Structure formats: structure tokens, C-alpha cells
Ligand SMILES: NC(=O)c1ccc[n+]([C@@H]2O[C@H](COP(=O)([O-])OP(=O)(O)OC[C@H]3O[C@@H](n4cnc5c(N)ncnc54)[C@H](OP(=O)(O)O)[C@@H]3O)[C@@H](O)[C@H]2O)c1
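Below you will find one chain, with nothing else, as C-alpha cells; this is the form predicted on its own, and questions on how it binds or moves follow later.
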């Protein structure tokens, strides 16, 4: 199994390599790929050094799978070139997510839709993945009418520059700004750029991707996405209105039985999800599960996950694992 990691020197690319090693993915040849300025650099994987190559070289090497985390423009330009030589691309950018011919996959929910013909597969947005993993089994049971989500998103979702900005601000030194404002001791109600409707791209991803993954355009979703000075992961306050009534204890049991979810919900011991504990883990953590007493058939949840792992690298690699296990590559 020849695996290319496109964007291998970036923040998500580095986590991809770490997760590939941890999960002992069956690699016979690793091909680290990055932009021209990184070509020739050495990266380490499982105690061996590998030389970073450029995109054209990687295409010519015809890997079985290419894991992309190099930005939307790179994915739009290069994913089809890999697909043309028979490589299956799993793309972590937003480039292909809403393309009607491209599947948007969270393995626990809809990997069974994948076929050998799917040569470009989209990995959803980090904040969407953790939310829909909790929503999917509840939608199956009670049918979701509406979702209101407010996110508290880690600076790691922006990238290395944002981490450096926070570190500089901690230290009281001036440096390059990833955001328009300081992030230290602040919360910025803007993730990504604004669209014409006044929502940010991040907020609209939560709307559109949720409907696509759950295969139900009748689900109404509204979102507010906020950047906070946190490193460990994204947190979400999620309010869900169902068509049918529910029992809170049954909700907990359904979530407890859902692959990839850990329920942390014990008020007696002050047990609830936090990015401090989610960092470095692959599960999605759900807690503060309670009925919304202001209207019928409505639930509140608090959902936390490491955005670089399940929100990006791990989900991508789980898709690759499914493809290999089912002979689709």
C-alpha cells in the first residue's frame, strides 16, 4: 500500500503521520508531499527518514491513496491529477465537500456508500464531524427538525501562525498576526470569511455539510462560530429539536453505544467534556446532556473533540482504513 501524504509538513499533515503510525496503517511505501519550498526536506516516520517530494513527482509515483491536507486550491488543482492515474484521494480541505459527485464521509455514519469508483472523497469540516457523529444516531431514532450550534474553536484550526500569535501574545512580544485582533484573553466571533448572508464560511459549512452527511435537507441548522484561545480542541453547545419526544436516559444510552463517542456526563463528580482532556484523543466527547425546558422535544448537549485528530487526520485515515478493509483500493 503506497500512501502519499500531501501537506506532510503542515500541522494536520504531521498529525496524519502520527495517527498512521499509531494505528499501524499498512504502508509499504510512504510518499511525503509538500510545496516546492519544502521539497528535499526530511521527515521522520516510524524511525526512518523520508525525503519530501513535489506534487508532480508524487503523481508520477502513482500512490494507491493520497491523503490531502494542503488547502483548497491545491486540492482543486491536484486531486483530479492523482485520480487520473488511479490514486484514491481523501481530501481534508473544503474544495470537494459540496460537489454533488463527491461523497462527504464520516466513516461511522456513511462509509458504506463508498465504492471503487469514488476516486476523490471529501473529509468534512472539523466542527461538523464531531457534531454529526452525535446527531446521526439521534436523527435515526427521533428525527431532527432543527439544530442551533455555537462553537468555541481552537486556534489550531487556523494553523501554525495562530499558535505562534497566541504564544507571542502570552510572552508580550510582537509578531505576525493570524487574526485581525489579539486572541489572548479574547474570543473572536469570526471563523473564516464572511458570506453575503452575514454568516461565515465556517458557519455555513455546519449547515450544508450536516444536511449532506445525514442525507436530509429538511434539517434546519443555524450556527455561530467563535475562535477562542484554546489549543486542545473544538467545543460546541448544541441545541437539537426533534419531531418525536425522547427520554434523556435513553439519549445517553444511544450515545454511549455509538462507535467513536465517549459520554462524559456526571454532574455529581463534575464530569463533562473539555478540550483539556480531549487533546490527543480520537473520540468525540459528549456531556451536559439535558432537556431544553423552554420548548417541546428539544435537547441540549456539549460536544468536544480534538479538531486535528477526529476533526481532520483521524477521520481521513479511518476512511482509508475502510477502503483497504473492503478492497476498494
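Numbering follows the first chain given and starts at 1. Remember, it's a predicted structure, so these values are computed and weren't measured experimentally.
Keep in mind the form predicted together with the named molecule is missing from the figure; the text below concerns it.
- The stretch among 258-266, 285-293, 32-40, 271-279 whose residues place heavy atoms within 4.5 Å of the named molecule in the model of the complex is 32-40.
- Of the listed positions (74, 200, 211, 168), a single one reaches within 4.5 angstroms of the named molecule by any non-hydrogen atom in the model of the complex, namely 74.
- Shown alone here, residue 92 lies within 4.5 Å of the named molecule in the model of the complex, counting heavy atoms only.
- Contact annotation for residue 97: at least one heavy atom lies within 4.5 Å of the named molecule in the model of the complex.
- Using a 4.5 angstroms threshold between heavy atoms, residue 159 counts as touching the named molecule in the model of the complex.
- Within this chain, residue 4 is remote from the site of the named molecule in the model of the complex, having no heavy atom within 4.5 Å.
- Looking at 301-329, the residues that come within 4.5 Å of the named molecule in the model of the complex, counting any heavy atom, are 307, 308, 311, 312.
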